[in-house]
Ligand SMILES: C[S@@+](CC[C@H](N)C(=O)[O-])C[C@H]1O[C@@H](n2cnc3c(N)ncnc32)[C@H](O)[C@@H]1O
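Take a look at this single chain in structure tokens; it is the form predicted on its own.
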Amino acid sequence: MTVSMDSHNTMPAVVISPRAARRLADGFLWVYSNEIEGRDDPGAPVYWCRFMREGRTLATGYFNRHSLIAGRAVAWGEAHDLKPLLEDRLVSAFTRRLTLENGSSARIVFSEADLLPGLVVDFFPPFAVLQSSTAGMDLILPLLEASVPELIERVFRKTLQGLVLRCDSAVRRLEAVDMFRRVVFGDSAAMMRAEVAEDGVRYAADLVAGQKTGFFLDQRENRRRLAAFVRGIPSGRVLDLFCYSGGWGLRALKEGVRHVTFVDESRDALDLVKSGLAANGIDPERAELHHGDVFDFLARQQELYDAVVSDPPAFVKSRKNLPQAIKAYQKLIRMAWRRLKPGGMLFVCSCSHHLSESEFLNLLAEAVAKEHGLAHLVYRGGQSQDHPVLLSMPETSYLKCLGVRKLAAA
């Protein structure tokens, strides 16, 4: 699918409710399906459009008749030409990341937070991954595939050697669009064996077929907090649950801890950990890799650790399954708590915006209480600065990381 970049006047009109109009004016970028009062029908289920109220254009964006989030705004008022608008959005987003450490990997476009709803761009020099999660963004993929490499070179002064298109996130099912991935250009094999550098640690990443875009950049600040803690326990042992490519555990090993146990149900993920161990010159004897279900592992495990990290995939897919998800988080935390030495640190994470930080903190406190434990809350973290939160859209805040220190029993 493609969309014309012709004059704004050719765009169909979508008439929205007074409530949706007020929310757009306040900086909320979504229009729900029950807020659509009328629309032009160009004969396609998805199209770029003008959002209108009482004959006035309020915003420019795109419409999808199959989605509960039927409209997403990209600009307020009229946009007469999409190409310069989108390129301006990209340049602005890229420029905001120039303050990051030179040469480091970063999320250089973060969807709604960068006023480009449905689009993520992760930069892993010299490669990039472009991810579209909506049907509306799919319409302008040809423009994005052409513009992103050129604008990365302009802003970051780096020539892109490969670009991967990832349109394979599960959320696309809600948009009624197919899932696919494609190498736009570059050496596919090299991008499946990419390397991500963070604070002197080298991580293996599969940018073509790995989870999400290949590496979880959003945990950068939280991994630094773990690093600060384990520096004081060089003889310590760390347990990295749902480890994927070893983001937490490899960081702990590079800081000098004696041993890390990595647990994941994906063999491909553990292969990435092995590659990471080799890339950092870490003796494989300092690591133990377990393939299997984390809950099963914890149920049969008896060893105690100086630090335990629990960074699971999102348990909360929607508000309606929040009660079941809270039970799953509590079960996981209780089992992880049992594997923690007195004085040790437990880092627990949630990556769902449906679960608030206060709800997460409450369920953590309840889980510890059920274990008759005592703990100090010593760390509250979130997503890294290249994943900014748009204040008018709380949905852009999703990652919670809580660190608690286990107190010895009285």
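We number the residues from 1 along the sequence you see. Everything numeric in this text was worked out from a predicted model, so none of it was measured.
In what follows, reference is made to the form predicted together with this ligand, a form of this protein that is not presented.
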Segment assignment from 110-118, 76-84, 178-186, 236-244: heavy atom within 4.5 Å of this ligand in the predicted complex: 236-244
4.5 angstroms heavy atom contact with this ligand in the predicted complex for Arg166: no
Phe216, heavy atom within 4.5 angstroms of this ligand in the predicted complex: yes
Arg72 within 4.5 Å of this ligand in the predicted complex, heavy atoms: no
Asp122: touches this ligand in the predicted complex, heavy atom cutoff 4.5 angstroms: no
Residues Pro18, Glu35 and Glu54 all lining this ligand in the predicted complex, heavy atom within 4.5 Å: no
Contact assignment for this ligand in the predicted complex, among Pro126, Gly292, Pro142, Gly256, heavy atom within 4.5 Å: Gly292
Position in contact with this ligand when the complex is considered in the predicted complex, options Gln211, Ser147, Gln324, Gln330, heavy atoms within 4.5 Å: Gln211
Partner contacts for 293-314, taking this ligand in the predicted complex and a 4.5 Å heavy atom cut-off: Asp293, Val294, Asp311, Pro312, Pro313
